[in-house]
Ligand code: HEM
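Let's start with one chain on its own, the form predicted on its own, as structure tokens.
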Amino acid sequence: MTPEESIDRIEAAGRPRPQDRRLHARGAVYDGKFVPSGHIKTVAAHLTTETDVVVRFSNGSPKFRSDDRTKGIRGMAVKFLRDGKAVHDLVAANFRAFPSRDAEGFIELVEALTALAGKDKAKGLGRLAKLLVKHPESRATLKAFAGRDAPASFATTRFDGLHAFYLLDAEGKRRAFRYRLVPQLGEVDLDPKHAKTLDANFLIPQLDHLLTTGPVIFTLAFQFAEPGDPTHDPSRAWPEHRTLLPAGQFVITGRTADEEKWQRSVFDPTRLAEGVELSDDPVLRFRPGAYSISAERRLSAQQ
């Protein structure tokens, strides 16, 4: 499957508006800063000095008017800025591991979940059953994900980066890691009874209101690999007892004044600053091609 074919299939399944992202269509962008902890030894300057950031929170659906009260993917994407320009991106979701070892499996999951969320639930169930037979690695992740209710707030959701990267220190030593974004307010799922009292698109207004009372804070934590932990397969989570260090905190202060600019931008997990390198994960390396095609199509539609 080529990146173009992946976007074609997402469009056929989800029918996003031409001007929107093909996934994570509805989102909002916020200003903030990264405050390093000092616990991470690296030559990556953006992780060791206070740095401006913009953060996009999103509903993962291809449909702009998807319902925040229902289970589904939520996203948190971050751009580290230098002189107002992006130097490093983080892209994370409320999955604990990527739902497939390859891009094809992920697209099949998008097709199944989109059908389930629509009118043809029988078709969606059939596609999901086929996916689980073809991609048995998806079973544990999807079972765990299905066992949780929808997030109660962007500010009370943990987001995982899912892919492995390498961190370089001053001696040139490379150390494999994965990252997660942990909310200071803790993790809270949406109570189904309370959900009935909420607007279908409640998450962004709720976060906007919360920010009127003070900043929202997430800890950027790095989970470091040990020998034998796979860097090439994002569907295999590393054991929770692996070393976990706080790299710093994202202090989010409010909606950005450059909303239009950042909404048009691509948040690309392979945009890396000096001191961080890609792993051998094929899904990670597949993503920028698909993002590029999606951006080309949506930006063309906005003209």
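The first residue of the shown sequence is 1; numbering continues from there. This is a predicted model, so every value here is computed, not measured.
The form predicted in complex with this ligand is left out here; the points below concern that form.
- Within 4.5 Å of this ligand in the model of the complex, a heavy atom is found for not a single one of F224, W238 and A247.
- In the model of the complex, this ligand sits within 4.5 Å of a heavy atom of G161.
- At the 4.5 Å threshold, heavy atoms of Y30 stay clear of this ligand in the model of the complex, well away from it.
- When contacts are judged by a 4.5 Å heavy atom cut-off, V91 counts as touching this ligand in the model of the complex.
- By the criterion of a heavy atom within 4.5 Å, S294 is counted among the residues contacting this ligand in the model of the complex.
- Contact with this ligand in the model of the complex, judged by any heavy atom within 4.5 Å, is made by just one of F154, F106, F177, F218: F106.
- Contact with this ligand in the model of the complex, defined as a heavy atom within 4.5 Å, holds for exactly one of T42, S58, S66, T51, namely S58.
- For this ligand in the model of the complex, the listed stretch (30 to 38, 264 to 272, 43 to 51, 239 to 247) containing residues with heavy atoms inside 4.5 Å is 264 to 272.
- In the model of the complex, H24 is the single residue of 24 to 47 with at least one heavy atom within 4.5 Å of this ligand.
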